[in-house]
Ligand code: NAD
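Starting off, we have a lone chain in the form predicted on its own, written out as structure tokens.
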């Protein structure tokens, strides 16, 4: 049985850990908020009160943290004590440049590494249906694959170091842009006097269908249950979408990519956050474009 260190036990990490514990993995967890760890003790987690208490004989370290700066500080704290060939898998969403830097830090210490941001939100973390978007080499990926299969329904090795973060940036830029377009389509339909449930029946089965309509429709009482039916209580907040779009915007500038819709999406979500609505689900963006 593999021994796992898990750092970052918030909304996502805590639920991923429960799935690992239910699969009988030994998990030693750390979070700056001790309550998050204490809440998991009944589920079987072993508590580390500091990063120094993550054992040096763990086989795998998983991080799920707010940003690249924090991940980098964690890596700098622990890499010198881990045994060679320990695998570090970062499931946070961070910028590509930092992800590549973390791979380099690990390589210099004879450690294996993956960048593996996730898609699926809190619900996917709880249900074990996340998609892991992975960058790194095949040896590290194959070592991590059994854990990916416990915590998610799919994992894709996208390429070398940083490829997971690159693909995640593309995915969330598309999702944000699509959600804004879905909102505009429903707004137009409403202004034209259409029954929005009938419009959903058309859009969800016609060429305009997409995940933002079929699974996560942002209109209350229309389509499958979604945050729109619960006052936009978040599965994935506007704050987090702005963070991801800002990462994408940096990549757009660094690569001199033409992406006017992605750039405009970032501006729209920044306005949502500036209006103190960032704690709402990201799909609430449809109410800021009317």
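The structure presented is a predicted model; accordingly, all values stated were derived computationally and were not measured. Residue numbers count along the first chain shown, from 1.
The same protein also exists as the form predicted in complex with this ligand; that form is not shown, yet it is the one meant from here on.
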Checklist entry - Using a 4.5 Å heavy atom cut-off, are 174, 210 and 265 all in contact with this ligand in the predicted complex? => result no
Checklist entry - Which residue, 235, 44, 55, 223, has a heavy atom that falls within 4.5 Å of this ligand in the predicted complex? => result 235
Next on the checklist: Quick check on this chain: which one of 280, 272, 20, 9 has a heavy atom within 4.5 Å of this ligand in the predicted complex?
Outcome noted: 9
Checklist entry - Does at least one non-hydrogen atom of residue 64 fall within 4.5 angstroms of this ligand in the predicted complex? => result yes
Next on the checklist: Within 4.5 Å, heavy atoms only: does residue 261 come near this ligand in the predicted complex?
Outcome noted: no
Item to check | residue 257, heavy atom within 4.5 angstroms of this ligand in the predicted complex | outcome: no
Next on the checklist: Is residue 121 part of the interface with this ligand in the predicted complex - any heavy atom within 4.5 Å?
Outcome noted: yes
Checklist outcome for this item: Within 4.5 Å of this ligand in the predicted complex, heavy atom basis, the matching stretch of 69-77, 199-207, 151-159, 177-185 is 69-77
Next on the checklist: Under the 4.5 Å heavy atom criterion, name the residues of 238-253 that approach this ligand in the predicted complex, in sequence order.
Outcome noted: 240, 243, 244
